[in-house]
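Laid out below as structure tokens are two forms of one and the same protein chain, each shown alone and named structure 1 and structure 2.
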Structure 1
Amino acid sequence: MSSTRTRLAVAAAAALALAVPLAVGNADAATTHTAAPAGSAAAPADTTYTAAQVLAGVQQNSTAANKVNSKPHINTMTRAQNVNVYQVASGVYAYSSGMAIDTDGSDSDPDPDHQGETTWEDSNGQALGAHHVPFYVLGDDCWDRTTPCPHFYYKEHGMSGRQFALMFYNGKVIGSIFGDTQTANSQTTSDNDSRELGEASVKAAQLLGIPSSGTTGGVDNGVTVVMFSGSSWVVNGTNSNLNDHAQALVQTALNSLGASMAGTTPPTSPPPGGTLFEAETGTLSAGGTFDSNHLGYTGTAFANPANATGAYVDIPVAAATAGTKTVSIRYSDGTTAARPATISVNGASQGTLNFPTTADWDTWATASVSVPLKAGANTIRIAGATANGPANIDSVTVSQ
């Protein structure tokens, strides 16, 4: 089972390119999967969906009406009780949280809390190796000892060991399996809690570009896990090939889930017309993260700069021709105070732009400013003008 450890917040890396799924030719040998989840025939079977399209659909379907839990889960990294699970399609469940690093299993690890066992084993009966197998962690029991459980409890939703899941982070998507459980509440000597969500193996972190040390690794927010229930989504294999088998299912899962969610409405408050550049393609100053724990953003994440004067996000944009362009910045500020920011282009300040408050962190608005751009590549910096730092930044649209 997942062991007690000190979890440190680590700033997320800059957004990365989509992970390229492996070929799906070995999928039938690796899993009993033969069909899409129930109710997923909303699009042609041969439709190919990208990770960005599927993640957008997951976010759109993560609504109060689709929430599974009646009590919030705990973010394993931050300990905040703000994680919810949503049924985004028939038999498919999703949550967004941080990622703490599980080092347990048959692979050796210097983590002082390392345990040699995992709750689930490979097809040969061996404990899973955290350095070889990308796996995620769920609660071992229902904390409240009631049925139905007010939290998401895997046994009530058709899930068992090695259940397949997609994991999204900073523009990447990987395949993973249910491999370990969070310590049950009967183990009173442990600091762990079966209500926690947001822990995965060393291998999962490495594949997603997240620091993977069991003592200093992990990330506070921005990881979305989409779990596929039912026996047809159980992945078979050994420690030596479970990773290959899980990655071979990625495109199949994207297509299946994308088809099941086809026809959902786009995010509210779409950005204005023009050429759009996502914030997660840029870089953040120290302490900032690319997150996905609020609804309504475009792309795969939004920028959450640090709460400090001068904290910034740099977003690369391009202009077809040189000249003065209108730049519309899509943002959210769910606090009670506006968050003005200094706007710079290619290192030259263009003055301060105000970002008024929005109704909440799931509501997005735009603030616009005219700035000079050169033909080709440019960098727009949005830097906090107060100690609160900038607002959450979703994207920049440049009029051409």
Structure 2
Amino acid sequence: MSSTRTRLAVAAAAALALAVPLAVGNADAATTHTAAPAGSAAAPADTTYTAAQVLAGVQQNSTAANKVNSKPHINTMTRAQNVNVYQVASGVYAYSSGMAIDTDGSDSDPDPDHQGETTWEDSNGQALGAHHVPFYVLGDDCWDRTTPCPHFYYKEHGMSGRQFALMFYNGKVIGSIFGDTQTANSQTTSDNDSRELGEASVKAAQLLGIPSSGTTGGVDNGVTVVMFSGSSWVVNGTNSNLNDHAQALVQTALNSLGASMAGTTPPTSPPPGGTLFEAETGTLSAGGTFDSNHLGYTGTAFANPANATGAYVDIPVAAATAGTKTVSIRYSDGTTAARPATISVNGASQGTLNFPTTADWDTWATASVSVPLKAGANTIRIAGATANGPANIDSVTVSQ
């Protein structure tokens, strides 16, 4: 599905008139950023966090209790009304959606919907160039015209133009800035909707390995945008160096957010403790394959069982003693629907275990169940309970 944004020039002009004044004087200063996100000033600056660790922490903190919006946003690509924004740390807001491609601004583009303006400008007052600057798009106003807004509305959360965000997709992370808006809901001739989330510039797509054409590019799901509020996270610069300035902030932002989440959530999902048995030592029902085309698996491969009810992977495990053991299954489900599966031990069903979605196919989580094992060799079967089949299965760990 392509993005055919029709943004009226008057909308951009109106948005500019509303723009919060920014201290943007020096185009050479990358940012006024000086500290960790608001509320986490004590975060140690010398702890290095990886993108995978921080993304895992973001996902763990994307809970109902942390949800900011009371009405769901619209995924710009799929139109599904299932996108939520979560406050994952003090002053830090995250959502996952698809990515439609915004071609707007000072760079030329063959997209027939290309507009010369972007809502926000570079530090020299030029429209941002979608081919040079990785930027993301938010709603221009509050659709419901109420306060507080039932949707995430940036002005209520200490955000303005060129606000820094980390964008995660398919094992990659980039820095980006708030660059353009979905047209205000007073613009009735537009097919944009200020409730939408899930649009970013050509450059952001290119950096993340997403098809970047304004008419045929984009991706339906799996892009996580983590926005850092507050004036210290406004990125300064021109169309020629804003990308460099945004990328220069990535590790700082990872470390800052990782540290601020560390007290409440372990931002990591390694294989659990116990004795580990790799899925690739097992066998698959018809149509399944052992694959290595996604990142983060252990051993030499992971199991990709067929997409069918009852499709399974059998994994041999050993137990030193007979008894009830905890079996933790490391899996990935990069779709938008959970993959419940029936767990059997030596042919006897132990019931259905849920396997909730993960951010993408490179992100691994564990689902655990207590089952009786006999001393010596056992076989764990994970069989899909829906027509989608089981999740991708990396390993099984047996502990007391």
Ligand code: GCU
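As the structure is a prediction and not an experimental result, all values here were calculated from the model. Each residue is numbered by where it sits in the sequence of structure 1, with counting from 1. Rigid core here is just the name for the largest C-alpha set that superposes within 1.5 Å across the two forms.
- Of the two forms shown, structure 2 is the one predicted in complex with the named molecule.
- Shown in the overlay between structures 1 and 2, fitted on the rigid core, is a CA shift at residue 202 smaller than 2 Å.
- Shown in the overlay between structures 1 and 2, fitted on the rigid core, is a CA shift at residue 148 smaller than 2 Å.
- Core-superposed comparison between structures 1 and 2: the Cα of residue 109 travels less than 2 Å.
- In the core-superposed comparison between structures 1 and 2, the CA atom of residue 393 travels 6.1 Å.
- Note on residue 314: its Cα is shifted 16.4 Å between structures 1 and 2, core used for superposition.
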